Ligand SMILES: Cc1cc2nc3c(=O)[nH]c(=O)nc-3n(C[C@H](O)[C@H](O)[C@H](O)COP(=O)(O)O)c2cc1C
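Given as structure tokens, the chain that follows is alone and in the form predicted alone.
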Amino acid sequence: MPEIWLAPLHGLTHYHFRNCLFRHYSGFNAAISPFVPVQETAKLNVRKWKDLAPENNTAVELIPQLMGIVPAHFADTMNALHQEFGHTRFNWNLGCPMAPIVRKRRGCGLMPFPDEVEAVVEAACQLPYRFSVKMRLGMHSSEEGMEIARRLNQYPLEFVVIHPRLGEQQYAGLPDWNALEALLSVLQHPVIYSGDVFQPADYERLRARFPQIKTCLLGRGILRNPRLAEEIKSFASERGCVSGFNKFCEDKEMARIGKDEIIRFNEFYEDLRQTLEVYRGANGSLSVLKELWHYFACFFQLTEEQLHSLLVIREPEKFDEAVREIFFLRKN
């Protein structure tokens, strides 16, 4: 059976979102948190990181994701999170391609500097925790990822998450599976896949090409279709990932979303909206909901014009009214 993990999307997949998602949809085995910056002990206040608190993450295991470049800060932060929250597994974000992160030589911006990458991994692996890395093929060249992979082989990492694009691509173009295959021929750690799995057929194609990959990280695909983890596991169980599965998946996904699924999504959305409003207020929650609707629009097959009309609304009450109209039209 496939292992499906919820991917981190900074500012979106916080615990308010995760808990609402897990209340209404199943199929997830674990989740990786949006990143938190590593800091030295004197500047740490881990209690403010409510996103990582055990009481806010009871549905599936949460692995904190860390962002930074100073080896000593990793040790301080990991020790503090263990002491405060009991975490024993940590993931390092070496793959974020966003310009403000890259300019600080964090995320994917550090991949052209393998000595600095190795210094962090070496320090982290000396601690009594399970440590993993999330990376891309490279920042500017896939050779960057190959060099890092050769160095990572020297250390007892739990796993490596790979998104098979270059950092300079961000999310443009298609994942480069040929470059991924070359990277896998070098890397000796278990690999978790991340990147452009939007429907069960995408997952089956991945497993057919790379049967050694057992776990998939879903982020944008889940926002576009919250039932995707369930569908992947259901289709894999029904068909056993055998020949002909692609056609089976594509036929089912071309079908119109049924009334029951619209009602279910509405229940999830109302739970999320009310939760966000409690913690952020009406105006604060509106900005998050608008960002999410860039993805939810795919579930409802909204046109660009329809999505634009929704996103230009500034008043929370009018926005909620427009969303209710979308639900009503699709349900009927």
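Keep in mind the model is a prediction, meaning the values are calculated, not measured. We number the residues from 1 along the sequence you see.
One more form of this protein should be noted, the form predicted together with the ligand, which is absent from this view; the next part is about it.
Of the candidate stretches 266-274, 296-304, 280-288, 30-38, only 30-38 has residues whose heavy atoms lie within 4.5 Å of the ligand in the predicted bound form. A heavy atom within 4.5 Å of the ligand in the predicted bound form is found for one listed residue only; from 218, 149, 121, 139, this is 218. Scanning 171, 155, 177, 113 against the ligand in the predicted bound form with a 4.5 Å heavy atom cut-off leaves one residue, 171. The closest heavy atom approach of residue 93 to the ligand in the predicted bound form falls within 4.5 Å.
For the chain shown alone, residue 195 is a contact residue for the ligand in the predicted bound form, at least one non-hydrogen atom being within 4.5 angstroms. Remark: residue 10 counts among the residues lining the ligand in the predicted bound form, judged by a heavy atom distance of 4.5 Å or less. Each of 65, 134 and 163 places at least one heavy atom within 4.5 Å of the ligand in the predicted bound form.
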